[in-house]
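Shown next as C-alpha cells: one chain only, the form predicted on its own.
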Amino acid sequence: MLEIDFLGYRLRNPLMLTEGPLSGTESLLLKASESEAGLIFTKGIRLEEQKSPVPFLNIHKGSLINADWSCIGIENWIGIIEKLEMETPLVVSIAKNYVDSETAVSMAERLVIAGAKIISFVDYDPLQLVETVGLARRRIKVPLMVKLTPFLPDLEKHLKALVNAGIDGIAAMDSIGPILLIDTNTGAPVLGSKDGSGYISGKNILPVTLKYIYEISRFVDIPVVGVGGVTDTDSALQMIMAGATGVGMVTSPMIRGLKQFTKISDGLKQYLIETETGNINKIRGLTHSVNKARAISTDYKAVIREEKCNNCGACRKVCYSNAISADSDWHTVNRVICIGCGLCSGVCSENAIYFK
C-alpha cells in the first residue's frame, strides 16, 4: 500500500528523515532506524569536526529556526559507516558547499569504501553540483543524489545538466534564509550565530516547497524527495501529489518526536483506504494531471453546505465583500455580491464551503 521503489530499494513507505540534527551520530541513526521512516539521510558530512555557537535552534510558531552547522568529521563518519548495522536504508550526505568538487568526490569514494550505498551532495552553487556529479559518476558506482537549495535560477537548465551528468535522484529543498528572530526582552537575536542569523524550516515553508517540487517533477523523470514543511498526513499527501517520490521530514520529528513517522504513515494508509486508492504511487503527480484538465474561471461563487455548517460565523468575519449572512441555524452566501475570493473556505473548520 505505501511501499515505493527508490534507487534500488523497496521502501516500506515514502517518509524519510532527511539531513539534520536527528541523524548526526551513530546513536541518533540507530534511534531513527527504530521509527517508521522508510529511509534516513545522514547529517551533512564535513572534513573536520565542527561545533555551532549555541543556542543554534529555536521553535517559532511551529517552524524551526536554526543555525546548526556542527559535524563530527569524516574520520568519525567512516568509522560509523564501517560498522553500522540497521535495516533502514541510509543515504550518506556530503556537505559539498564547504569543499571543492575533487575533495567532495574523494570524500564520497572513502565513504563508499566504508560501506555507503547511496551518496548525496549538498551545495548552493548548481554549477558546482553539476561538476561534482560528473566527476563522481566516473568514479563511483553507487546511486548519486543532490540536494537543491531554494529558488534555484534557470531550474530546467540546471536540472537537465544534472541528469546529463548522471544524477539518480534529487532532494529539494533546504531551509529558507538567512532570517533573523529577535528576543524583544533584550533586543538580542535568539540564535547564537555571529550576527544571530539562521534559516527557517517547518510548516511555514510548505507552500514554497510544494511549488518547487511541482516544477522539478515537470522537468525530470527520476526520483524526487520533497523536503520542507511536512508536519502531518495532509501535507505529506500534498507533497506526493505535487510529484514527490519521497517525503522528507526534519522539523516535525524534532518538535514532536520520531512518532511522527508512525502517525503520518498510519494517516496515509487511512487515506488510501477511505479513497479506495489502493497504492500511494497512484497519487504521485496527481496535481499535474488535474491542472491540465482544470477549468479556470473568474465567476466561481461560494456555497455553504447547510448540513455541515455549525453556524460559528468565522466565514462572515473574513468576508470583506459582506456577502455572507447569518441565519438561525447556518450561514448563507449572497452569490450576487460574492466575489469568490476563497477566504471563507480557508477559515471554515467544517469544510462546509465550496465554489461553483
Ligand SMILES: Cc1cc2nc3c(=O)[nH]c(=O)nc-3n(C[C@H](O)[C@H](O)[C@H](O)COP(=O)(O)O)c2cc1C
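Numbers for residues come from their place in the sequence shown, where the first is 1. Because the structure is a prediction, the values reported are computed rather than measured.
Missing here is the form predicted together with the named molecule; even so, the following discussion is about that form.
J.: In the predicted complex, is there a heavy atom of the named molecule that lies within 4.5 Å of any heavy atom of Gln260, even though the partner is absent here?
T.: Answer no; every heavy atom of Gln260 is more than 4.5 Å from the named molecule in the predicted complex.
J.: Is there a heavy atom of Thr245 lying 4.5 Å or less from a heavy atom of the named molecule in the predicted complex?
T.: Judged by the heavy-atom cut-off of 4.5 Å, Thr245 is well away from the named molecule in the predicted complex.
J.: Should Thr18 be classed as touching the named molecule in the predicted complex when contacts are defined as heavy atoms within 4.5 Å?
T.: Yes - in the predicted complex, heavy atoms of Thr18 and the named molecule come within 4.5 Å of each other.
J.: Indicate whether Leu57 is a 4.5 Å heavy atom neighbour of the named molecule in the predicted complex.
T.: Within the cut-off, so yes.
J.: Please determine, with the chain shown alone, which of 306-314, 320-328, 288-296, 36-44 has non-hydrogen atoms within 4.5 Å of the named molecule in the predicted complex.
T.: Contact-bearing stretch, as computed: 36-44.
J.: If the criterion is a non-hydrogen atom within 4.5 angstroms, does every one of His158, Leu210 and Glu215 touch the named molecule in the predicted complex?
T.: Heavy-atom distance to the named molecule in the predicted complex: none of the three under 4.5 Å.
J.: May I ask you to list the residues of 171-203 that have any heavy atom within 4.5 angstroms of the named molecule in the predicted complex, in sequence order?
T.: Residues within 4.5 Å: Met173, Asp174, Ser175, Ser201, Gly202.
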